[in-house]
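A single chain comes next, written as structure tokens; it is the form predicted on its own.
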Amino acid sequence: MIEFENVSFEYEKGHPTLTDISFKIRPGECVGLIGANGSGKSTLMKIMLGLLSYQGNVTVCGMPVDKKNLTEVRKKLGFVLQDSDSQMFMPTIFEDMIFGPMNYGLSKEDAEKKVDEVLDCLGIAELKHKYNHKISGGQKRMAAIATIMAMEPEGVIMDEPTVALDPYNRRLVMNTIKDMDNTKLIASHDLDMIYDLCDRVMLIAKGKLVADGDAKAVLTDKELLEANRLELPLALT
């Protein structure tokens, strides 16, 4: 579904942020993207969404990620931001959720039906008419996921979906992600969450893809993780 071929990027000339990155993510995969701060994870996700120009080739569902295809690419890929407040910009959950489907051409009636289906599926129907500023952090993270799911993307990119959540809400969000059928790319420092959810892990360090393989194999390799400023998941220590 997503393919990078020899992709490089630099914010400042002569100081590469990503260097010669190549990988493929197949439909239905759940892939963890890990790496220390500043390794290039966020840059890689922005490139997928066409937010940055780059060298090399990137395709989403066979479409080159370029200006001509940006609208279609962003229909295929939903992006759940780390900061839910940056994503939820309407007064209520319902208004946020209905905005995307209607913007993509659904009637108000069909969009509202889709909103109700997603809320019921996620078990958060009670949030429909809640105000964004009056719900908890965990509820807001669930609502942010619901907002993306209402647009029916084929793939979902998530940036630190469990950050700053208490244990109950963290587990709630993890269970929601686990039940999603979409192709998923999850960038996180929460290696226990990645270990629980992902079949495959890509490790980026200093802008290079240094490991890409079975999640358990990568996340149990203490020497590899420590060499790249990461530690074993707590469940394995």
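Don't overthink the numbering: it's just position in the shown sequence, from 1. Small disclaimer: the values here were computed from a predicted structure and weren't measured.
Omitted from view is the form predicted together with a small molecule, to which the following refers.
**Q** Tell me, please, which stretch of 42-50, 66-74, 167-175, 195-203 lies within 4.5 angstroms of the small molecule in the model of the complex when heavy atoms are compared?
**A** Heavy atoms within 4.5 Å of the small molecule in the model of the complex occur in 42-50.
**Q** With the small molecule left out of view, choose which of Ala36, Cys30, Met180, Ala211 has a non-hydrogen atom within 4.5 angstroms of it in the model of the complex.
**A** Selected residue: Ala36.
**Q** Are all three of Thr17, Gln82 and His189 close to the small molecule in the model of the complex, meaning a heavy atom of each within 4.5 Å?
**A** Every residue of the spot touches the small molecule in the model of the complex.
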